[in-house]
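Heads up, the chain below is alone and in the form predicted alone; it's given as structure tokens.
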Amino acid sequence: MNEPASEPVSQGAFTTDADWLPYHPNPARPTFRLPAGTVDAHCHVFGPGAAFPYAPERRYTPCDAGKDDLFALRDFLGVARNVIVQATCHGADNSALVDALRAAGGRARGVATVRAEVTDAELAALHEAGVRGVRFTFVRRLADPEPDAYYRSIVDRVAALGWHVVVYLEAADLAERWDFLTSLPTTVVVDHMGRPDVTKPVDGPEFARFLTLLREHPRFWSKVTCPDRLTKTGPPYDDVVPFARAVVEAFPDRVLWGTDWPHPNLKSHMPDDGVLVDLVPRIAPTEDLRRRLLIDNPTRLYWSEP
């Protein structure tokens, strides 16, 4: 496992957090061969800060991880396309995201962060670049959540573009946000299975609440991502597999997979992206489940125009 950097790294005008773990420089070649057309439906770009400055209100300063490195990983792993999600370190300045989308030549879509005051022209420009969703972060260590009405004002505008909503929250936040989230008229994608506590039973009441959300509200999807972020035991993430597999098998047409590259804010270890790919057949044990998870579902959500 990588150890946290002992000293901060200078990146021009920005200095990486002293305890920041840089992404894996030499991931292993996966044993599992991703099927043609696979989409990495959750990844990020950071800067480079000299070209795309990090937001003044950010809660962390990452190492630079730009589009060229993302596309190199895409090709190395055998991924066909990416869905790039705006990271909180860039706030609502989606310039790095848009730059990556334009450089991808149709092989990427985006999920943006916007403020309530965003103009119609700005939304139209994001859509033209390939943005198809907006992300709300309710994790308090990353952002200060706004009142429900604030988010609803944004949803009402982006829904007209056919966009969906991506939400990042902790398992304990689900009850608080339940009424608001279930009132939304759009597809809602929940990041990382709502961050379950994997030390608790997979058939326990906390995870049951999340499964009930998906069962009773068919507009909801889940990303079965970030075992490295959820694990308490570390690689090969045996403690996370039962949770992800339960979601994939119960809701095969509403699940997405992604790497979460370059893995922001990890403190214990930096995952090997090749190892993350090799986890796929453990959470989607049949060829049919893997095709839906990796190809059919993200293609339908991000590349099928209304």
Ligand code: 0GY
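Residue indices: 1-based, along the sequence shown. Source: prediction; values computed, not measured.
If you look for the form predicted in complex with this ligand, you will not find it shown, but the lines that follow are about it.
- Highlighted residues 186, 221 and 297: none comes within 4.5 Å of this ligand in the predicted bound form, counting any heavy atom.
- For the chain shown alone, residue 273 is not a contact residue for this ligand in the predicted bound form, no non-hydrogen atom being within 4.5 angstroms.
- Using a 4.5 angstroms threshold between heavy atoms, residue 61 stays clear of this ligand in the predicted bound form.
- Using a 4.5 Å cutoff between non-hydrogen atoms, residue 142 counts as a contact of this ligand in the predicted bound form.
- Proximity of residue 157 to this ligand in the predicted bound form falls outside the 4.5 Å heavy atom cutoff.
- Contact with this ligand, judged by heavy atoms within 4.5 Å in the predicted bound form, is confined among 178-186, 95-103, 232-240, 191-199 to 191-199.
- Shown without its partner, this chain lists 30, 264, 66, 252 as candidates; in the predicted bound form, only 264 has a non-hydrogen atom within 4.5 angstroms of this ligand.
- Residue 42 is the only one in 29-43 with at least one heavy atom within 4.5 Å of this ligand in the predicted bound form.
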